[in-house]
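First, one chain by itself: the form predicted alone, in structure tokens.
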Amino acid sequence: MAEPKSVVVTPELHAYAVAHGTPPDDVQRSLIEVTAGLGSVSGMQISPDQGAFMTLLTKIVGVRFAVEVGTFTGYSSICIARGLATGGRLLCCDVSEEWTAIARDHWVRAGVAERIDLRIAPAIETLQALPADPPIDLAFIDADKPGYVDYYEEIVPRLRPGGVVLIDNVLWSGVVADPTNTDENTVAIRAVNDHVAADDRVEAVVLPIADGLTIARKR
């Protein structure tokens, strides 16, 4: 068996890679600073390199209708909204008025507020209420980990053929590969990883970007 073709990403190599991609703009840098002020929960914010990737992917896919499960302070939603095709919409699902208030402010500053619909409610209820039409072109799942499989199962039937679902944190700081780790979130992430890998409705790849990102494309 051939040796795996991969590179160990040291902090220095990661910094090099980030420096050679599209950097955050002033609004995104402000959002990073404001979110950092929230303390340890700031770790829920996606990384700038992941954000740049998501904007680019949204443009490549030609997304007109996107859904985000878990908005937090709005970095990922800005990235998706900026990649939408003309007239495109992003539906954001979250349960926190406090954190999404920060998102709303930065959506306005980023010039994307008119493209975003925010629903403050349990995401599973919002997803279950979605009609089949218009179909979803792109979805991003980044909320409570035990809900991942349920969110995925509500989204995939509503995806158009060729549409994609992104699932965040799928490598979970590497502990998914440690069978001795059985905490609730780790078990939930292993479950969704196994679920997607066995799903013949999609073709999928796990990218080791940030904390791990799955891209699943509906056949």
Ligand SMILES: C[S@@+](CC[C@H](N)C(=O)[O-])C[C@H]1O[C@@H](n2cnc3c(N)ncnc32)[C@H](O)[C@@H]1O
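Each residue number is its position in the shown sequence, starting from 1. Since this is a predicted model, take the numbers as computed values, not measurements.
Absent from the display: the form predicted together with the ligand. The rest refers to it.
This chain appears without its partner; in the predicted bound form, the one residue of C93, I116, A110, L84 with a heavy atom within 4.5 Å of the ligand is C93.
Only one of V175, V187, L38, M44 lies close to the ligand in the predicted bound form, with a heavy atom inside 4.5 Å, and it is M44. Stretch-level contact analysis of 66-74, 179-187, 22-30, 156-164 against the ligand in the predicted bound form, using heavy atoms and a 4.5 Å limit, identifies 66-74. Heavy atoms of G88 never reach within 4.5 Å of the ligand in the predicted bound form, leaving it off the interface. Interface membership of Y152, defined by any non-hydrogen atom within 4.5 Å of the ligand in the predicted bound form, is ruled out. Remark: A121 counts among the residues lining the ligand in the predicted bound form, judged by a heavy atom distance of 4.5 Å or less. The closest heavy atom approach of D137 to the ligand in the predicted bound form falls outside 4.5 Å. Along 128-144, these residues reach a heavy atom to within 4.5 Å of the ligand in the predicted bound form: F140, D142, A143, D144.
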